[in-house]
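Just one chain follows, in the form predicted alone, and it is written as structure tokens.
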């Protein structure tokens, strides 16, 4: 990977921090840093993705601005982290997606798909758009829906796999076993609890020097809301194909229970994250990628809210339009996953796995 000004600055800061070591108890970044005496670009991308952006090291640092050393670890690692998303993206010709207004691209994609679905319904059975049937498959046949959205999901999965593969190789972890169960379990616990978003125990710093757990809570609502929605789709697929129980499902059946809980999480969590993001001290963040940074969060919110509305208004004339919008948001979400903030969770988990392995075996 080519050196950049952000990489050069990160190397300078890590050299200073490695001499000071005052912040070694705050998170995983500094113990991982202390295992090194020199920093390649891969090392710095690893440390940047290991950073959770809690801001504690900025508040605690005696060399933070306006000191002449100008040590601002959260902001510089955020810049390196955002650069890494671009450099690992597959295929390479889509890497510039990270430089553009990701929210506009995602919304245009979603509305285009919604328009396609509405046009398909009008061509296939015009009266169904405003019929009170509650049957999704009259608007779009099940086979057509599975084919279109399955293709988008498979593309996203393959692109994410290729990006993760490039990240894993670049940080120097390719020579390690990916089947180290204790390290994987430790990383899963750290990621699932957002262990390093606690500022060393006091909370996350956001708009001022008063730490709170707000960002951690909103991340949990968003993450577990997403997982519950995925579980709802998975359970519905299993019921459809293996138990001959196609949708619609009653409110007490598993797909509906999981989807409702997930939708609520995606309605509350992203709003909290967006509020925290726009209130955050600009000294802590990379403001140059705001469009791409917020696109994924907004699309999660729109997916969750449209899904809840669709559930509530399923047997009404609004069903056809809501279904088209919901499927448009879901399709755009899937298609843009490899080129959105979603990858931060993937690479951060990989960094946590690598960190757990380093702690067990050394570099």
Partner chain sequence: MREGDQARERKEVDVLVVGGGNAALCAAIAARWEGASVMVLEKAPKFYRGGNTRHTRNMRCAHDEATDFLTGPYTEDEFWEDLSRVTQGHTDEALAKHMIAESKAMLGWITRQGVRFQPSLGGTLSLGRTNSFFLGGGRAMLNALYLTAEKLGVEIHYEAPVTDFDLVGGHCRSATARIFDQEVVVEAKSYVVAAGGFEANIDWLKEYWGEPADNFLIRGTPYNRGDILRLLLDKGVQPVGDPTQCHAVAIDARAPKFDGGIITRLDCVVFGIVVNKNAERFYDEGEDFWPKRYAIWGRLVAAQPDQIAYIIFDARSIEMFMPSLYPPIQAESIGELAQKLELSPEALSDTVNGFNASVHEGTFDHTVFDDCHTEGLTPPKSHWARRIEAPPFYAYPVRPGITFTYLGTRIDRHSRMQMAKGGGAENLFAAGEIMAGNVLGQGYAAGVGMTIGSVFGRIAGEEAARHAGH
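Just so it is clear, the model here is predicted, and its values are computed rather than measured. Numbering follows the first chain given and starts at 1.
Not pictured, yet referred to below: the form predicted in complex with its partner chain.
- Of the candidates 308, 322, 64, 337, 64 is the one whose heavy atoms come within 4.5 Å of its partner chain in the predicted complex; the others do not.
- Of the heavy atoms in residue 269, none are within 4.5 Å of its partner chain in the predicted complex.
- Although the partner is absent from this view, residue 209 contacts its partner chain in the predicted complex, with a non-hydrogen atom inside 4.5 angstroms.
- Using a 4.5 Å cutoff between non-hydrogen atoms, residue 26 counts as a contact of its partner chain in the predicted complex.
- Within this chain, residue 301 is remote from the site of its partner chain in the predicted complex, having no heavy atom within 4.5 Å.
- From the list 308 to 316, 46 to 54, 290 to 298, 33 to 41, the contact stretch for its partner chain in the predicted complex under a 4.5 Å heavy atom rule is 33 to 41.
- Residues are counted as partner-facing when one of their heavy atoms sits within 4.5 Å of its partner chain in the predicted complex; in 183 to 218 these are 199, 200, 201, 202, 209, 210, 211, in sequence order.
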